[in-house]
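Given next, in structure tokens, is a single chain: the form predicted on its own.
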Amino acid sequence: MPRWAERFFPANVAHSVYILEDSIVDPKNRTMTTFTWNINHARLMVVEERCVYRVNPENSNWTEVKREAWVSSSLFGVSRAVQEFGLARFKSNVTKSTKGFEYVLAKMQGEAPSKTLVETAKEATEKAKETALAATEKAKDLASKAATKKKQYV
């Protein structure tokens, strides 16, 4: 949740996001589809994700994933800023989760990961911070423009 939005929620709620995930395994087609969405903070923003995992058609030892996400907000005047922030935060979190997923898979398969988990996490965290900072600035800019437009109409 962006810091500017935390003031609208109780302190114990602002940092927790609860999600649901629905997974469908199709053994015949060798696919797994997951649907994930947040169940709280929905008045501020709704993030929905669909991932389809399947065997790579060119190399059956590989798994490919098609990841799609939808970010929406209905907050009057700042919905676009909230959506931009949510999308950037989603992208940065995907980077971190993908790195962690790759690390765990490499360990499970007996391979030596190219970097330690701490190095991987630090890199992903730095990239996430950069992305979140850029998104925050863009969201502030959009919110400022929306506020200026609103003043013009008053």
Partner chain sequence: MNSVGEACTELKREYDQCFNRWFAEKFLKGESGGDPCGQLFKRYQLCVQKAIKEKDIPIEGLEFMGASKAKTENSS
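Between two forms, the rigid core is the largest collection of C-alphas that superpose within 1.5 Å. Positions refer to the first chain, counted from 1. Keep in mind it's a predicted model, so treat the numbers as computed, not measured.
Beyond what is shown, the protein has a form predicted together with the partner chain; the following relates to that form.
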Counting any non-hydrogen atom inside 4.5 Å, which residue from 103, 90, 53, 35 sits next to the partner chain in the model of the complex? 35
Evaluate residue 24 for contact with the partner chain in the model of the complex, applying a 4.5 angstroms cut-off between non-hydrogen atoms, and reply yes or no. yes
Answer yes if any heavy atom of residue 40 is within 4.5 Å of a heavy atom of the partner chain in the model of the complex; otherwise answer no. yes
Could you tell me if residue 133 has a non-hydrogen atom within 4.5 Å of the partner chain in the model of the complex? no
Taking any heavy atom pair closer than or equal to 4.5 Å as contact, tell me whether residue 68 reaches the partner chain in the model of the complex. yes
Within 4.5 Å of the partner chain in the model of the complex by heavy atoms, the stretch out of 53-61, 27-35, 90-98, 103-111 is 27-35
If I superpose the two forms on their rigid core, does the C-alpha of residue 21 end up displaced by 2 Å or more between the shown form and the other one? no
Given that the distance between the C-alpha atoms of residue 100 and residue 136 changes by 3 Å or more in the model of the complex, do they end up closer or farther than here? farther
Between residue 134 and residue 70, do the C-alpha atoms lie closer or farther in the model of the complex than in the shown form, with a difference of 3 angstroms or more? closer
